[in-house]
Ligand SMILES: Cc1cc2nc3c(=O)[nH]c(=O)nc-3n(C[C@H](O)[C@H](O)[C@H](O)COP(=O)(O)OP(=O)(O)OC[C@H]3O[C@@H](n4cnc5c(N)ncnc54)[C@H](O)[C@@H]3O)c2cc1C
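The data below hold one chain only, encoded as structure tokens and taken in the form predicted on its own.
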Amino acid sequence: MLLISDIKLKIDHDESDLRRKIEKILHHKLNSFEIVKRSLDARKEPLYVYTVLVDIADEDRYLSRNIRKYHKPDLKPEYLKRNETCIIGGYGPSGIFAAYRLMEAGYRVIVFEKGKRIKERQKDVERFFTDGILDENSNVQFGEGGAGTFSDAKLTTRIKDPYIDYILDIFIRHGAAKQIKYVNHAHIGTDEVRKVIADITDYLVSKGVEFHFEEEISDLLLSDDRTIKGVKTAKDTYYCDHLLLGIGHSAYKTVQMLKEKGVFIEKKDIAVGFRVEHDQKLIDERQTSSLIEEANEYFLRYKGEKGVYSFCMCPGGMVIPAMSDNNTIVTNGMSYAARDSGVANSAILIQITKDEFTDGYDYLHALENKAYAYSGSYKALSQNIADFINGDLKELIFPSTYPLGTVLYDFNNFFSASDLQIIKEALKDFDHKIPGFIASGIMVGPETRSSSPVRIKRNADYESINTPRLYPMGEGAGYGGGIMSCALDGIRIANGLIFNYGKVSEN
């Protein structure tokens, strides 16, 4: 194949224009091509710059400075019928891609997920958003696809890994738009990712993967030397050779069970804060890529005595109730694929070190309970950002997108005095970077589920350091922070099993 780079087109082009440009470069008609990368060059006239892959005969005759040969790696493992059973606990991104990979390699795979399939889960979530009736087992946190199913479904990561394309190709194979392979800050959107995940599950079922939805792992079966033998649920006992746990950052009951079984778990740093909302037009006007007619993102960082940063920014989205426990308030952000709500939201979080709490889950739940106690309902706490800075409390300058409504609350009462000072310094810094950030924004919270407060410590082979054949993975185990990083973590563990225990060579 040929990799052709530095193909420039005006931003109002379509795919046929790109095809004609490639054919002009090669002086040859094409059957097909694949876009590898697209970036924006806004230095003069705004242009899109493409890199594409083309399959064509007599490759050597086309080689030049911007055209070179490329071999696309085949990352699919060789299928071998293996007499080993892998149980996967939790069906978020790490569980999904570990199951997919192990199925491809010929393992027997059994998946347990405490929540429901997406079709029923969506009904439960919508009922909560409308009527405030929370199902503690089927909500934004728990169910088919994990917490990322009700988010912006971002696919960005700072990790460089060849399996990123493998993951994106699977998403596309099951219904995601091809653009996720090449656009900057790719996302699928909550409405589309639900369809994609459901299709992946159906495919895995057709390939022999055994699913147990609405069935939570409640206990571990251990041998005398602590090696995993199987798991128990409320319904039955199941035996396995390997247990992969991708339980998510809200599965504190499972974490407590692991502690009671003696699995080594340590505290880790976390972050807490709130969501901010702005008119999307304000954000678009401040961004270089506002030349393009799409909702823009921002990424903000402040380094004071503690770090403060934006997290999970959702252009054209909404703030949602993300609790999994009654009598708590937790907020998160969500966007549909079109990102067309007209309102931008993002978490603004401050770091909380592990030295500041005894038990991370207790610490976070205390904040969530505190918010609910003040609200007296599932209405979120809210305040104008300017009022927060000035110690005032007035009616919101515009209504929040949070579906269950909000109550006015002075967030000066929510954080410690030292953290308040740092947060306000950060907001002023963000206002310098995005003028109007303070005067034109509101804050809604609290946000407490950005990461797990624990790490289930593992060795170089991805096993628990004191429980052989137990493989903690993903965000809940302390090894990921989004769809892509968690999916990659699940694949790494699956690869460890495939290439270390099997007969297949990764080369």
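None of these values were measured; they are calculated from a predicted model. The numbering used is simple: start at 1 and walk along the sequence shown.
FYI, the form predicted in complex with this ligand isn't displayed, but the following is about it.
Q: 171, 388, 112, 274: which sits within 4.5 Å of this ligand in the predicted complex by any heavy atom?
A: Checked against the cut-off, the match is 112.
Q: Of these, 210, 269, 191, 215, which has a heavy atom no more than 4.5 Å from this ligand in the predicted complex?
A: Here the answer is residue option 215.
Q: So in the predicted complex, does residue 401 come within 4.5 Å of this ligand, heavy atom to heavy atom?
A: It does not: once this ligand is placed as it appears in the predicted complex, residue 401 has no heavy atom within 4.5 Å of it.
Q: Residue 296 versus this ligand, in the predicted complex: is there a non-hydrogen atom within 4.5 Å?
A: No, residue 296 sits far enough from this ligand in the predicted complex that none of its heavy atoms falls within 4.5 Å.
Q: Do residue 453 and this ligand come within 4.5 Å of each other in the predicted complex, heavy atoms counted?
A: Contact check for residue 453: no, nothing within 4.5 Å of this ligand in the predicted complex.
Q: In the predicted complex, does residue 474 have a heavy atom within 4.5 Å of this ligand?
A: Judged by the heavy-atom cut-off of 4.5 Å, residue 474 is in contact with this ligand in the predicted complex.
Q: Name the stretch, out of 411 to 419, 73 to 81, 235 to 243, 145 to 153, where some heavy atom lies within 4.5 Å of this ligand in the predicted complex.
A: Only one stretch passes the 4.5 Å heavy-atom test: 145 to 153.
Q: Who in 227 to 255 is close to this ligand in the predicted complex, meaning a heavy atom within 4.5 Å?
A: Residues within 4.5 Å: 246, 247, 248, 249, 251, 254.
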